[in-house]
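One chain comes next, on its own, written out as structure tokens in the form predicted alone.
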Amino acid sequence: MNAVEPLIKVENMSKSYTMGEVTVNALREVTFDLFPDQVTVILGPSGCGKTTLLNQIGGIDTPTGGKLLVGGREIQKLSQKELTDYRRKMIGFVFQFFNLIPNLTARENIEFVLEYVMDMPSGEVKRRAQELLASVGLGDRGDHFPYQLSGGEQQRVSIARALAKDPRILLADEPTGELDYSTGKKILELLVSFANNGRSVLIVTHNKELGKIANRVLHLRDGRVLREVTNERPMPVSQLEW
């Protein structure tokens, strides 16, 4: 049994959607914990509920059954202000489809988070934004707008923007899906190194190889966790092949 307190506890969590006369059960009694200083990978095919699960944990949506506990408090019982504070201070989100602000440059997308979400002094904003762009290999692309960037470059800007918040929990939806092999490994090294000092990274993917670098792997199918595997010695990203 893990002696460390989890950052988030998911207990028999379900999520259903009603479309006309049809009810879709996207998640069915999912149970697991997210621990600090760990990388957790959730594996499963398209349509198995991976993104829905991230949306519940990220406070973008709320469960229809079970519990999602953060610091002992249920997400469903948070006020709108408390939920906003939770998303702002606790969660960083790497979206599968980037969600960059189209009329801001790559640098400005990151500066927006630093200035208006993190309240960073204006004198530090540009320096930190450039550091983050460099960390994802885009130090020379800061003045480009999203439409001027490839899908892989937009993905990297999205990752840099999420890291700008220095969140306790980083949620990444297929973070290497648009990246070539070499760049993907560099980004994974960045995400793995981020999971320290009490922080946690949760990656959802269909790529089974990514499970090798995780401390824990959950296999999701048809909205259910089929099994959970613990890796006592995760593989270094440098040795990963896919």
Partner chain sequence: MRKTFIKKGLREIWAHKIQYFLLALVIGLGVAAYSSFNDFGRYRKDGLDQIFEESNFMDLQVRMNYGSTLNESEVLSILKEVEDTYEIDGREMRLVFEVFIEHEYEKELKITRGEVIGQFVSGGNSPKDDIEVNTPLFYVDDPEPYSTPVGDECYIERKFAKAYGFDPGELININRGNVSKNLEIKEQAAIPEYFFVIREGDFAPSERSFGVVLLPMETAMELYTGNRTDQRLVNDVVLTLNDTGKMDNLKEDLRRSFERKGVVVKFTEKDENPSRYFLISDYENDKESMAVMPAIIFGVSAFGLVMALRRMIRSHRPQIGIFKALGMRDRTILIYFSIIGIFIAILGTLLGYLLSIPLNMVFQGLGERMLDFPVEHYNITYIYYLYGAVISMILCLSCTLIPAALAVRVKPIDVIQGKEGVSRKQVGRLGGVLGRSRWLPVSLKLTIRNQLRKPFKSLSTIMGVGMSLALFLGFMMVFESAIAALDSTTEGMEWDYEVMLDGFQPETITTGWEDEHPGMEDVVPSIILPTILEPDDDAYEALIYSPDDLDSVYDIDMERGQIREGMIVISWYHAEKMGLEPGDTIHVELPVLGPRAGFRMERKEITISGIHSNHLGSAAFMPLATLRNITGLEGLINSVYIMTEDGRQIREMENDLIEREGVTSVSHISDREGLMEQYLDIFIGTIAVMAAVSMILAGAIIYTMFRISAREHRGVS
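Keep in mind that what you see is a predicted model, and the values were worked out from it rather than measured. Numbering follows the first chain given and starts at 1.
Same protein, other form: the form predicted together with the partner chain, not shown, and the subject of what follows.
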None of Leu68, Val192, Leu34, Ile60 but one has a heavy atom within 4.5 Å of the partner chain in the predicted bound form; the exception is Ile60
Task: Within 4.5 Å of the partner chain in the predicted bound form, all of Gly151, Asp166 and Lys186 (non-hydrogen atom) - done: no
Per contact check vs the partner chain in the predicted bound form (non-hydrogen atom within 4.5 angstroms), the hit among 209-217, 47-55, 177-185, 195-203 is 47-55
task = Please check if Arg87 has a heavy atom lying within 4.5 Å of any heavy atom of the partner chain in the predicted bound form.
result = yes
**Message:** Does any part of Arg156 reach within 4.5 Å of the partner chain in the predicted bound form? Heavy atoms only, please.
**Reply:** no
Check whether Val117 has any heavy atom within 4.5 Å of a heavy atom of the partner chain in the predicted bound form, and answer yes or no.
-> yes
- Just to confirm, Asn99 within 4.5 Å of the partner chain in the predicted bound form by heavy atoms? yes
In sequence order, the residues of 17-31 that place a heavy atom within 4.5 Å of the partner chain in the predicted bound form are Tyr17, Thr18, Gly20
